[in-house]
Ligand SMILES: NC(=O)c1ccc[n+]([C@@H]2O[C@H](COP(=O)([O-])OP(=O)(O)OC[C@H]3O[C@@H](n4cnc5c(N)ncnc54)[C@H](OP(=O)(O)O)[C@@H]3O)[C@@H](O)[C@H]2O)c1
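In the form predicted on its own, a lone chain appears below as structure tokens.
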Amino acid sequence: MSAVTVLGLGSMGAALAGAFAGAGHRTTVWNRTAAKAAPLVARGAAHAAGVVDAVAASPLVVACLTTYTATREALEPAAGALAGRTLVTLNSGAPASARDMAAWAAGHGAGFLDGAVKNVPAAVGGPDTLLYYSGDKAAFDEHEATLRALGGDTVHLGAEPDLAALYETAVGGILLPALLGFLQGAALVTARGLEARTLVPYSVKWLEMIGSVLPALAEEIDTGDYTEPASAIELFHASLDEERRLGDEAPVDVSWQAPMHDLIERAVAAGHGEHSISALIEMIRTG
């Protein structure tokens, strides 16, 4: 089995290292707080006392730190050891930062892959867990079998090093509005003395419905034809006053929805009232 090094042992980094070790890969771990390595050492991982030793231990180095800046700062002392190795970054950041990181890695003779784990730490290693990567295709092909220990749904998006960060930013934008919607719903039902857990099955069904309509919305966006809507913007516009009254009735703070309401009102003013809800993209685009 291949050797792999994991840098950063927060909840996600520890899950990555555990998945590699559990799959039988010779796993070396490093973290600024050395005590975090103890549970992984108990599972067979080796603990490197310094980042230079950690990088030197494996041809594949997976960094799971907070940002590209944090990753680069952690790796700087070991930059000379990166030559001939593949660096994989699994952290947050903008596409431009991923491009900068790729250039830095190339400058030190390393192959580079940027990636994202599209699930929670507990799901790492699962057969359906999605991870996508971008960057050096030869490096991906060389290490794909090892990387699949982290999730069965492992995808290479393309050779451009910032594609994973681009998709991570694009897909990640869905999360907070969806969670806020659920939290508002939970505030509504708990204000009536009901438990938030009673909302869960209906919320899941609703999210499944939303997932089912995304292909049609994407087709409308790709063709630029919004004229045959399943749900027109004017339907959402007609309910705005009732949605605003909700804050007084519950009571809950619905002010977080104000930018969305403004988007809908601007779309109607621009003549998109009878168009599909997907036409709101024309209000979001700025160029």
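All values derive from a computational prediction rather than experimental measurement. Residue positions are given as counts along the sequence shown, with the first one as 1.
What follows is about the form predicted together with the named molecule, which we do not show.
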Answer key: of Val120, Ala159, Ala191, Met209, within 4.5 Å of the named molecule in the model of the complex (heavy atoms) is Val120
In the model of the complex, the residue from Thr227, Ser255, Ser231, Thr66 with a non-hydrogen atom within 4.5 Å of the named molecule is Thr66
Within 4.5 Å of the named molecule in the model of the complex by heavy atoms, the stretch out of 274-282, 261-269, 5-13, 20-28 is 5-13
Are any of the heavy atoms in Ala70 no more than 4.5 Å from a heavy atom of the named molecule in the model of the complex?
yes
Please run the contact check for Ser97 against the named molecule in the model of the complex: heavy atoms, 4.5 angstroms, yes or no?
no
- Message: in the model of the complex, is there a heavy atom of the named molecule that lies within 4.5 Å of any heavy atom of Thr33, even though the partner is absent here?
- Response: yes
With a cut-off of 4.5 Å between heavy atoms, is Ser92 one of the residues that contacts the named molecule in the model of the complex? yes
